[in-house]
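To begin, one chain is listed below as structure tokens, in the form predicted on its own.
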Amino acid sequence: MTAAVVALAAAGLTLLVSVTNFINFAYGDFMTFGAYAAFAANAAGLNFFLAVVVGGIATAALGVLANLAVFRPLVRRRARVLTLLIAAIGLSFIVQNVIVVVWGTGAQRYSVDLGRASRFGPFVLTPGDAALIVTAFLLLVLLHLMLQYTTFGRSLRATSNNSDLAQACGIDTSRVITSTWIIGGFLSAVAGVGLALETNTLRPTVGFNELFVVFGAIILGGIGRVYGAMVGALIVGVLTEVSGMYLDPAYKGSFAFAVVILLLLLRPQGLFAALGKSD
């Protein structure tokens, strides 16, 4: 389940990195925002699954707004990558504080029953856990089909590889980037809901705290490499949880990162080729 959550978040973030060429440090707070938006819709009486869709749409809109109001003007002024990173960190604090103002600092929980845990071979899962894993798998398969077999997917890969050349070939790179923010925002919201269900609590910092695990998956798979991020998420997620069987759970994240660092020392470029090439 941890790997499923990380894979969704990592796939969305690495898509953004591939077309914008900078890391959005507010992505963890986008996850939190999506989880809270879904929580509010569910608390208002909407079916839980429809509430998740509402959270995804709200977070996609937040991503588009962030791009139009913050990042696109900076990119057009040819701002340095460091400037974009600082802007992303500032946006992270803004989103986090808006969440605090609207929903407060107390812990929230979804009013959804995940069912009784059952054993499936070596795994112990609730029906809710299984539903999240299946949902993540289906979304990642749809992402793969979109990237490989649609005109937009080809445009996205071309923009990722060389945006200037893609634009010279007639591709509307601005539209591609905006659409990527929509996809990334939606995936972040679903990942945020999954994270809140996994930890059984929803707080304003839940996504921010998970962001560095997502970074680990992206770095392991290779920055800007979608399929690498998926596999990296599986490795990081499994290592994180399995290590908790043998170590103090407080250190399981550190153990996973230690393994990631070791693997990067052996293969600095990550596990897979870039999105605009092999992906």
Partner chain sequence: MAYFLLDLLALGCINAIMVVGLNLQYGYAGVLNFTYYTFVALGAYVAAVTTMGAPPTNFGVEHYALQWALPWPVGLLLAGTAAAVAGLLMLLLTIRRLRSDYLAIVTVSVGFIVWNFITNYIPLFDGSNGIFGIPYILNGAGVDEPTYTAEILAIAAMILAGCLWVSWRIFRSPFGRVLRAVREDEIVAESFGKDTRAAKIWVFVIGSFMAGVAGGLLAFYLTAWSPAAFLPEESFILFAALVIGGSGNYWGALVGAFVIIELLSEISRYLPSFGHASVIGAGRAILIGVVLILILQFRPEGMLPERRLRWYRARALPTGPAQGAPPAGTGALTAAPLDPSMGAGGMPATGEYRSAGARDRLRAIFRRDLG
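Positions refer to the first chain, counted from 1. Just so we're on the same page, rigid core means the largest C-alpha set that superposes within 1.5 Å between forms. All values reported here derive from a predicted model rather than from experimental measurement.
As for the form predicted together with the partner chain, it is not shown, yet the points below apply to it.
The stretch from 174 to 182, 194 to 202, 68 to 76, 139 to 147 that comes within 4.5 Å of the partner chain in the predicted complex, counting heavy atoms only, is 68 to 76.
Checked against the partner chain in the predicted complex, the residues V112, A107, I89, V134 give one hit for a heavy atom within 4.5 Å, which is I89.
By the criterion of a heavy atom within 4.5 Å, F152 is excluded from the residues contacting the partner chain in the predicted complex.
In the predicted complex, no heavy atom of T126 sits within 4.5 Å of the partner chain. Within this chain, S254 lines the site of the partner chain in the predicted complex, having a heavy atom no more than 4.5 Å away. Although the partner is absent here, C169 lies well away from the partner chain in the predicted complex, with no heavy atom inside 4.5 Å. Shown here without the partner chain, the chain has R80, V81, L82, T83, L85, I86, A87, I89, G90, L91, F93, I94, N97, V98, V100, V101, G104, T105 in 80 to 110 lying with a heavy atom within 4.5 Å of that partner in the predicted complex.
Positional change of I23 between the shown form and the other one stays under 2 Å at the C-alpha, relative to the superposed core.
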